[in-house]
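Let's start with one chain on its own, the form predicted alone, as structure tokens.
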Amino acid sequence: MKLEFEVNGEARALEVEPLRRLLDVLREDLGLTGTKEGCGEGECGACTVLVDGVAVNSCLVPACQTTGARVETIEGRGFEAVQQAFLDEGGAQCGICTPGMIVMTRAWLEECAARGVQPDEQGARVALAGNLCRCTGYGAIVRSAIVRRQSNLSHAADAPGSPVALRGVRQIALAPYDRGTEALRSVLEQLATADDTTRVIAGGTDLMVELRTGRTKAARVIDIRALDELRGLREESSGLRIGALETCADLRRSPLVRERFDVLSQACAEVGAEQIQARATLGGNLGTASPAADLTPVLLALDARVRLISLAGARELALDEFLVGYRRTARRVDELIESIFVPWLASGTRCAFRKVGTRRAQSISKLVVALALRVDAGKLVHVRASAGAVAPRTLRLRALERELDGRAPTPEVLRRAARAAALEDATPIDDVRSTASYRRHALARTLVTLLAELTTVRA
């Protein structure tokens, strides 16, 4: 395909394979070697660049999704103030990780300025959670990010050049050679002829790694990232409909989501680091059907439903019916996840979410738990509980719900329900990240803690 985009203020055009990583295009085709190859899986942040002003891991971005975009790398203008701060404060280490940290820092500082928020140490640590330093100089890095509040920070808007004329004319790119329009019907027509070797890509945070490592094979990949029909939030009489292409960053920052479903906003903040959240979609998080997915337990506890569309029509499934096994869903190959519907919470509903991992930021879950319940006249009602990473698929904790519904939330009742979930609902196995016994123990302890927090009488 012919890729036309803007790089550091200069219009560029070159022939590339649609699924070639942006990282490789920048380094090998354009000679911009300041962007580094680190983990290749979106975990270390060494390859961070700005795409249309948003910090992303370029190792996870397919070239086809940058048509008409504005890309900025460490070689571009606007990074000088941050670079100098890293030099002054000793934040510059070996040079592999530093460029990505500088790019991420500028993106964070510009976001702070746009929101009228004062940059501080906690904010810097959150923003840089996806940038790993192999030299372990985090103290100096954080100081570099906030020194003098970067008052003379240059903005991308001051850089020379203008957006490429074809901004917004992105096309669906089919690897290796097919191309179509971005219309939803065109995608559905492509899916009508799909088979088990066809894959759909949106954010690419999972599929790009799978394709590169060979863990997933694909004869054809359909890019749906540009489909506006699959974006947006729509308030309906009985709940909120969320487009499948809404990203974790979109949902985390949405005032509507934070007001009505704050537990979902909290879970979105746990999906990798900010570079991942900027691209990871709600539909993708559900569609991969990973048992360790962060959002699925929350949506199960909220009684969410998944809407699937195809040329044959549409159907809507309860999320519990949609998830059928380890990385398997009820979606047919000709179907696309269009949206997720979340019913409005009844008055008095209390929700909680807890993720257990090996570190505080950007950790694959050892356990994910979500709860939703009400206390009415001293009794627990409409209890919904779910857990991830304790079975081949994310599951409702039916035994716990049975033990709690209609009962007073005494300490003994809560402990008995948690034990039932750990022994009857969970079916963990030993793996490289944890043992089955640990997961059962952690599940019971986490449930007791969350239940105690939710059932405490509130003023």
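Residue numbers run from 1 along the displayed sequence. Computed from a prediction, not measured in an experiment: that's the story for all the values here.
Beyond what is shown, the protein has a form predicted in complex with a small molecule; the following relates to that form.
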Task: the small molecule in the predicted complex reached by all of E274, V298 and K366, non-hydrogen atom within 4.5 Å - done: no
TODO: Let me know the one among L251, I201, A226, I74 whose heavy atoms come within 4.5 Å of the small molecule in the predicted complex, would you?
DONE: I201
Open item on the list: in the predicted complex, is there a heavy atom of the small molecule that lies within 4.5 Å of any heavy atom of G284, even though the partner is absent here?
Closed with: yes
Open item on the list: Whether E41 contacts the small molecule in the predicted complex should be assessed with a 4.5 Å heavy atom distance threshold; does it?
Closed with: yes
Task: Contact flag, V257 vs the small molecule in the predicted complex, heavy atom cut 4.5 Å - done: no
Open item on the list: Taking the small molecule as it sits in the predicted complex, is T105 in contact with it (heavy atom to heavy atom, 4.5 Å or less)?
Closed with: no
TODO: Within 4.5 Å of the small molecule in the predicted complex, counting heavy atoms only, one of 311 to 319, 384 to 392, 105 to 113, 207 to 215 shows up; tell me which.
DONE: 207 to 215
